[in-house]
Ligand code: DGJ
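Here we start with a single chain on its own, the form predicted on its own, put down as structure tokens.
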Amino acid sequence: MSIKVNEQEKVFHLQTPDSSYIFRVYGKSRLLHLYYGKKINDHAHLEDSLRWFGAGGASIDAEFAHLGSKSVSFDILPQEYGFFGSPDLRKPAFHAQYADGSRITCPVYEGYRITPSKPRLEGLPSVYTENDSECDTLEIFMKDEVTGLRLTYLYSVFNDRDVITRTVIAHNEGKQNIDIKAIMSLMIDFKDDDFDLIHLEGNWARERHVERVPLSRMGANVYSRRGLSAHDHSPFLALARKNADEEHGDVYGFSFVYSGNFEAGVESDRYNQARVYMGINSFDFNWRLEPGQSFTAPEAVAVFSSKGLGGMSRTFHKLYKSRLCRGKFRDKVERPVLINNWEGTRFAFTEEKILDMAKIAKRVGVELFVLDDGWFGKRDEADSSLGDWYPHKEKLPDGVAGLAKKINDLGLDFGLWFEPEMVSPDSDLYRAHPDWALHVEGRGMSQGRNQYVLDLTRKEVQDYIVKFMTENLESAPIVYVKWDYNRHLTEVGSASVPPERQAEVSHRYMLGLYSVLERLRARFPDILFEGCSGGGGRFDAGMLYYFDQYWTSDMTDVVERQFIQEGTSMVMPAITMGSHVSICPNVHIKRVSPLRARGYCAMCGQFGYELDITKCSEEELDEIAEQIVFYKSIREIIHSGEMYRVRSPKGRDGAAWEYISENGKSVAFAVFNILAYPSNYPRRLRMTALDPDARYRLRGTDEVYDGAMLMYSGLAIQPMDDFDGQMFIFDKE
């Protein structure tokens, strides 16, 4: 049992293989957080640090006022879940307004329940289990008798992973409406703030760069107010002890299984205690709970690692690969090597051009041709036709079905791009249903990429998307879908939502999207779905519940991709990261880099090409054919194995990533360079997690290396030119 309860002292001890999470009922009603970290045996003396005598300026909770001035203050004590309106004046996890205008919430502990396995969250993505023995779930029941608000805290504790998931369900058992203004899915109070904070910041074409900064009294907050988890910040943060590095030291990682507006942060109080929180962004959020109604907060995933950032990442990778991703492709590493025409042709293609590309792609070993934007309506630029999902007859005279058959006849599978959540002002759909776009009556409507966002809070809009997607996917042999999303939510309003509920629109939109995706995935279980959002926006755990993989970034330059893929790997496994080889000079930043380096970098994700292959030289085509053969020989190592970030690309040297196969018998070691050194000499890079007593043969050679030597002295890396890369494959003898 991963959850132990001391009934007499009302202490709850949650245990994973390497961590303990402990809290207790304090007095008759309140919950205090006692500990989260490396696994310990019991809770004795954990409360010694909670004694507080005469804190200046700190208010004493009404329940404990009779104890006198030398009592505890909830402005100091570590809370399990904080509320607005109490003496705890730090950032609350929950904030509501009641029918009489009051904003005080003061629930008391009523009891608990422990059940095996893990409940699914209605209408929301979440981590799951496949049998009851994997996980136990603790429910804590809290009730505010004055307002009738009942809160249920859910803790799901995995028996074989250092993972605890958290969420909260609010239920109105009163007789009047309750307006929820903030509801965090997770809150944890630490007894100190001696941490570095790690988060993933970015922009379009430079997503998820790792930033590590000392935690200060100013605290830190990462967030999105754009209607989606956008390029700016990822719904993830980590707290690392000062001595923690990739493979050593304590790290706490927090990931949000949600794709809309979010906030995640750390507050350091005047006593140097850190409070971590994660949930739906309270900016422009209000959820009205009528009597009898419930609201479920999205899930947050907490991971503890005593083996540094690498240990944290590998825990996330294993969990998300096997218990967040779903369906036919979850365990399938032999996914097709694809080519996408977007960077090669943009909108300017014909069927003849596509078939010319497909013929050469087939010759070099590509398995799947993906037709990107511009195949529908009258779309020749990004200024029309979104919503008109019928074939562009001038480009595709025989329609999508005709082109797909011709592609199949060449020996390639066929995939298609969609942007289902959008509508162009210049489209038949918008002319017929202008009210189907998100808007506020009487206000102007801004455009992003010449398009509006469809109002997915409306059932008829959800049904329309399911209908046209179904018609298209059943009309032709389509085995792959690229689902794009290219703008943020503005003029957030819906004619289908009453005035008092307009602040619910952003979350209702996300619930509508999840419903659409659930219906389509159930209907088309054999289609490989890849997500995209202007590149790598909205690449989050919520999307991985519905998409088999995700386009990591529109930036395919080998240098920038090292930073992007390093940051993405903090949480996301390689099997989920779409990664392609593009032409040089790079279309975005004009950098020229060797084809082999671009290939090795792309092989550290879901491998493919994004170029006009008809313009490649015979030498380049030969190299591409060799790359595809090589990738197929190592993808089992990359996608089923464990990743170790040996060197960061920050600085003059490039990244070094090590992948060890699931059975430990093979190792892929990718090494990249950024800038060459004059008068350089071979450098040694120490590998990790090998068997020091084993011997490793460098594949394709007769060279055999001692495992201990590779780890403690390192592999000699010959000097490389600017922006170059190498890949070494070792097999254990």
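Bear in mind that the values here come from a model prediction, so they are computed numbers and not experimental data. Residues carry their position along the shown sequence, with the first being 1.
The discussion below concerns the form predicted in complex with the ligand, not included here.
In summary, the region of this chain contacting the ligand in the predicted bound form, judged by heavy atoms within 4.5 Å and restricted to 639-647, 390-398, 480-488, 539-547, corresponds to 480-488. For the candidate set Trp417, Trp287, Tyr112, Phe84, a heavy atom within 4.5 Å of the ligand in the predicted bound form is found for exactly one residue, namely Trp417. Contact annotation: of the candidates Asp426, Asp372, Asp232, Glu351, the single residue with a non-hydrogen atom within 4.5 angstroms of the ligand in the predicted bound form is Asp372.
For a residue to qualify, one of its non-hydrogen atoms must sit within 4.5 Å of the ligand in the predicted bound form; none of Pro17, Asp136 and Phe158 qualifies. When contacts are judged by a 4.5 Å heavy atom cut-off, Gly249 does not count as touching the ligand in the predicted bound form. Contact annotation for Trp551: at least one heavy atom lies within 4.5 Å of the ligand in the predicted bound form.
Using a 4.5 Å cutoff between non-hydrogen atoms, Gly535 counts as a contact of the ligand in the predicted bound form. Of the heavy atoms in Arg330, none are within 4.5 Å of the ligand in the predicted bound form. Of the residues in 439-455, only Arg449 comes within 4.5 Å of the ligand in the predicted bound form through at least one heavy atom.
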